[in-house]
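Read the single chain below, which is given as structure tokens and is the form predicted on its own.
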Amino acid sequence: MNRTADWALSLAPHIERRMELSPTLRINERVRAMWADGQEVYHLGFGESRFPVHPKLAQALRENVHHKSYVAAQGIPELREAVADFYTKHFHLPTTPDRVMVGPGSKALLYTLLTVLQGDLLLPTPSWVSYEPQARILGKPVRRIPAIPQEDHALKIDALRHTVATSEQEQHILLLNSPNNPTGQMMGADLVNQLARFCRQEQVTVISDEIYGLAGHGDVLHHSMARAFPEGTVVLGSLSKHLSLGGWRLGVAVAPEGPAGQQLIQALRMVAGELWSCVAAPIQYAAVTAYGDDPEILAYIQECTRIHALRTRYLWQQLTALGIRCSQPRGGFYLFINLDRWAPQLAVRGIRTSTQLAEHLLEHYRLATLPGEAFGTPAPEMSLRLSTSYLDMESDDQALALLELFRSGMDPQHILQEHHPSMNQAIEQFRRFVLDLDSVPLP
């Protein structure tokens, strides 16, 4: 009797330990499954800009669908030239096409940068969920720069200096993200200049993830680290946030000027040639229009950003009125709330970590959030990340309807109060949650 034995695959230990789906993707899949099951869930867990594709970009993609051949691993010349001009004008970063690398999303470019750059990874606390796992997959040491909710998790130079001083590594990579996911904060000019001086003195390489660079709310200007530290900063960006094109999977990296930057581009080209060959040609040709400085597209970016700001600040105002700690969002569509003041009441309910807190909110209040633990905060810290991007924009039709409503000239506050049922129901659920906590008898 013949038996076919199951094949036993041997996985690298550091990969096996990280065999979990990204928390952002996991919560999105879970919410969609709950929706499909007919359950009502308020989706604050996934950050995807939901506005329609601009008609000119949709037309550009249709017109370029015939491009079917492989193109250069670094990106087509037309796109790299458009990106260089765009960053020179809108980010005030004098850039040339030879310093631009195109990839299948900024996520892949970040992983490739971590592959070719030496040094341990320095991460502010909190920071986006994929930064640390990417480094762990590569076996790269990760060191967290501590921050506390009482100071809005602000990045402090002294904390960075201590983190570097206590590291056993000689080389370091500082990964910055402004406007920030998960906190919605932005780095001001003073902090950027302080960081630049420190990184230049300590020879720290900077990866500046500026994917939300065009999504600031207006009261704090975006300051790229590459302006203050051009010789040591790589800038990452994409179309996903300010143009709602996450599924197009197109990202760009702008390398430093000079020989070091060219050496980095050559390394990125080499890895790209072995991994993805090139970004889909039709997407690249269509993206030339996205980076082409078209006045209508630029106006659309500003319009969508304004709506994100209105919606995000509305939720912030309502939650802070409930006594929930939350720093004012300055960019993007995120809030990072903290419920430490209710830690004793939560402990009575058996909730002692942010993961348990997020699970409790989903199970009992139908609020889908992400735990601070996923972003690197200590497990006992009762912090959660909220995203406003899905609320009342769960379908493409709803997103278009809201866009047209904001365009109608109706008072934005009226729109927020009367035409955002999911947003306002989510606020009511938080209010009920806070009232329930306040009624918990303490031992």
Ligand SMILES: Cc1ncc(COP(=O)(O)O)c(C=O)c1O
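These numbers were taken from a predicted model, which means no experiment stands behind them. The numbering used is simple: start at 1 and walk along the sequence shown.
Although not depicted, the form predicted together with the ligand is the subject of the following passage.
Q: Thinking of Trp128, Tyr212 and Ser238 as the candidate spot, does the ligand come within 4.5 Å of a heavy atom on all of them in the model of the complex?
A: Answer is yes for this spot.
Q: Even though the partner isn't displayed, in the model of the complex is Asn177 close enough to the ligand, meaning a heavy atom within 4.5 Å?
A: Output for Asn177 is yes: heavy atoms within 4.5 Å of the ligand.
Q: Can you work out whether Tyr334 and the ligand are in contact in the model of the complex, taking contact to mean some heavy atom pair no more than 4.5 Å apart?
A: Looking in the model of the complex, residue contacts with the ligand include Tyr334, since a heavy atom lies within 4.5 Å.
Q: Report yes if any heavy atom of Thr369 sits within 4.5 Å of a heavy atom of the ligand in the model of the complex; otherwise report no.
A: Answer no; every heavy atom of Thr369 is more than 4.5 Å from the ligand in the model of the complex.
Q: Spell out, yes or no, whether the shortest heavy atom distance between Thr233 and the ligand in the model of the complex is within 4.5 Å.
A: It does not: once the ligand is placed as it appears in the model of the complex, Thr233 has no heavy atom within 4.5 Å of it.
Q: Just to confirm the contact call: exactly one of 161-169, 68-76, 359-367, 204-212 touches the ligand in the model of the complex at a 4.5 Å heavy atom cutoff, so which is it?
A: In short, 204-212.
Q: Would you kindly say which of Gly216, Gly261, Pro149, Gly105 lies with a heavy atom within 4.5 Å of the ligand in the model of the complex?
A: Partner contact (heavy atom, 4.5 Å) among the options: Gly105.
Q: Heavy atom within 4.5 Å of the ligand in the model of the complex: which of His223, Arg311, Arg249, Arg80 fits that? Just give me the one.
A: Result of the distance check: Arg249.
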